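Just one chain is shown here, as C-alpha coordinates, and it is the form predicted on its own.
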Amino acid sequence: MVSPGQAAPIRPEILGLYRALLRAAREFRDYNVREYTKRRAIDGFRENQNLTDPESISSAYAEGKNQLAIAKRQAVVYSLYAPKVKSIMELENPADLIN
(Lines give C-alpha, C1' and ligand atoms only; values in the text may rest on other atoms or scores of the structure.)
Protein backbone atom coordinates (compact mmCIF):
# COMPACT_ATOMS: atom_id res chain seq x y z
CA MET A 1 0.00 0.00 0.00
CA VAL A 2 1.18 3.45 -0.84
CA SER A 3 0.78 5.78 2.10
CA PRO A 4 0.22 9.48 1.37
CA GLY A 5 3.85 10.40 2.10
CA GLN A 6 5.36 7.39 0.35
CA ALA A 7 5.76 7.05 -3.41
CA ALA A 8 5.83 3.83 -5.37
CA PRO A 9 9.34 2.41 -5.87
CA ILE A 10 11.19 3.73 -8.88
CA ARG A 11 12.81 1.66 -11.61
CA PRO A 12 16.36 1.58 -10.10
CA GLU A 13 14.94 0.31 -6.79
CA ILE A 14 12.99 -2.41 -8.56
CA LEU A 15 15.99 -3.48 -10.64
CA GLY A 16 18.11 -3.47 -7.48
CA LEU A 17 15.63 -5.83 -5.85
CA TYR A 18 15.75 -8.09 -8.91
CA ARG A 19 19.56 -8.23 -8.81
CA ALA A 20 19.52 -8.81 -5.04
CA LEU A 21 17.15 -11.77 -5.47
CA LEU A 22 19.40 -13.29 -8.12
CA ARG A 23 22.46 -12.77 -5.91
CA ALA A 24 20.64 -14.40 -3.00
CA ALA A 25 19.85 -17.38 -5.25
CA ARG A 26 23.58 -17.82 -5.97
CA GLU A 27 24.22 -18.26 -2.23
CA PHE A 28 22.51 -21.67 -2.19
CA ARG A 29 24.96 -24.56 -2.50
CA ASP A 30 22.38 -27.06 -3.67
CA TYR A 31 21.83 -26.86 -7.43
CA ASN A 32 18.09 -27.59 -7.30
CA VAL A 33 17.36 -24.98 -4.63
CA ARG A 34 19.58 -22.43 -6.35
CA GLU A 35 17.86 -22.88 -9.72
CA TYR A 36 14.39 -22.92 -8.14
CA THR A 37 15.08 -19.64 -6.33
CA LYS A 38 16.45 -18.04 -9.47
CA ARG A 39 13.53 -19.26 -11.58
CA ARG A 40 11.02 -18.05 -9.01
CA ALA A 41 12.57 -14.55 -8.98
CA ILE A 42 12.58 -14.32 -12.77
CA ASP A 43 9.01 -15.60 -13.06
CA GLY A 44 7.77 -13.23 -10.36
CA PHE A 45 9.22 -10.21 -12.12
CA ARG A 46 7.87 -11.31 -15.50
CA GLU A 47 4.43 -11.79 -13.98
CA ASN A 48 4.44 -8.25 -12.58
CA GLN A 49 6.22 -6.41 -15.39
CA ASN A 50 3.02 -4.88 -16.76
CA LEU A 51 1.76 -3.39 -13.50
CA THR A 52 0.87 0.28 -13.80
CA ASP A 53 -1.08 1.08 -10.63
CA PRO A 54 1.27 2.58 -7.99
CA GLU A 55 -0.47 0.66 -5.22
CA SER A 56 -0.07 -2.71 -6.95
CA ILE A 57 3.57 -1.87 -7.79
CA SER A 58 4.25 -1.06 -4.14
CA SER A 59 2.51 -4.23 -3.04
CA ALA A 60 4.55 -6.37 -5.45
CA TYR A 61 7.76 -4.58 -4.38
CA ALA A 62 7.00 -5.22 -0.69
CA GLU A 63 6.35 -8.88 -1.46
CA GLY A 64 9.67 -9.05 -3.30
CA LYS A 65 11.48 -7.53 -0.30
CA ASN A 66 9.85 -10.15 1.94
CA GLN A 67 10.94 -12.91 -0.44
CA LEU A 68 14.49 -11.53 -0.44
CA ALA A 69 14.62 -11.63 3.35
CA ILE A 70 13.33 -15.21 3.32
CA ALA A 71 15.87 -16.26 0.67
CA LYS A 72 18.74 -14.76 2.66
CA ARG A 73 17.66 -16.56 5.83
CA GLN A 74 17.18 -19.84 3.99
CA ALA A 75 20.60 -19.55 2.34
CA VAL A 76 22.19 -19.43 5.78
CA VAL A 77 20.16 -22.41 7.01
CA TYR A 78 20.88 -24.43 3.86
CA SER A 79 24.60 -23.66 4.14
CA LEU A 80 24.63 -25.29 7.58
CA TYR A 81 23.11 -28.50 6.25
CA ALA A 82 24.32 -28.55 2.66
CA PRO A 83 25.34 -31.89 1.20
CA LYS A 84 29.06 -32.44 0.84
CA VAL A 85 28.64 -34.02 -2.60
CA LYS A 86 27.85 -31.94 -5.66
CA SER A 87 24.75 -32.59 -7.70
CA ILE A 88 25.24 -34.41 -10.99
CA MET A 89 24.16 -31.16 -12.69
CA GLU A 90 27.20 -29.41 -11.22
CA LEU A 91 29.81 -31.95 -12.25
CA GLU A 92 32.00 -30.90 -15.16
CA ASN A 93 32.45 -34.46 -16.34
CA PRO A 94 29.60 -36.82 -15.31
CA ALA A 95 31.70 -39.75 -16.48
CA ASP A 96 33.71 -39.28 -13.27
CA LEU A 97 30.84 -40.95 -11.41
CA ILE A 98 31.46 -44.23 -13.23
CA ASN A 99 35.11 -44.45 -12.21
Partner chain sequence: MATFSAITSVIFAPSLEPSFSNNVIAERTSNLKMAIGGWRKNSFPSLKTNRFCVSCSAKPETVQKVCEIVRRQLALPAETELTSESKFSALGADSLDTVEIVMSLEEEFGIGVEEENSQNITTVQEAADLIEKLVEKKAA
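None of the values given here were measured: they were computed from a predicted structure. Numbering follows the first chain given and starts at 1.
One more form of this protein exists, namely the form predicted in complex with its partner chain; it is left out here, but the text below deals with it.
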Quiz prompt | 4.5 Å heavy atom contact, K86 to its partner chain in the model of the complex | solution = no
Quiz item: Taking the shortest heavy atom distance, is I70 within 4.5 Å of its partner chain in the model of the complex?
Solution: no
Exercise. May I ask you to check whether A75 falls inside a 4.5 Å heavy atom distance of its partner chain in the model of the complex?
Key: no
Practice problem: Answer with yes or no whether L91 is in contact with its partner chain in the model of the complex, where contact means some heavy atom within 4.5 Å. | Solution: no
Quiz item: Quick check: do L15, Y18 and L22 each get a heavy atom within 4.5 Å of its partner chain in the model of the complex?
Solution: yes
Quiz item: From the list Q49, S56, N66, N32, which entry has a heavy atom within 4.5 Å of its partner chain in the model of the complex?
Solution: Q49
Quiz prompt | Sequence-ordered residues of 57-77 touching its partner chain in the model of the complex, heavy atom within 4.5 Å | solution = none
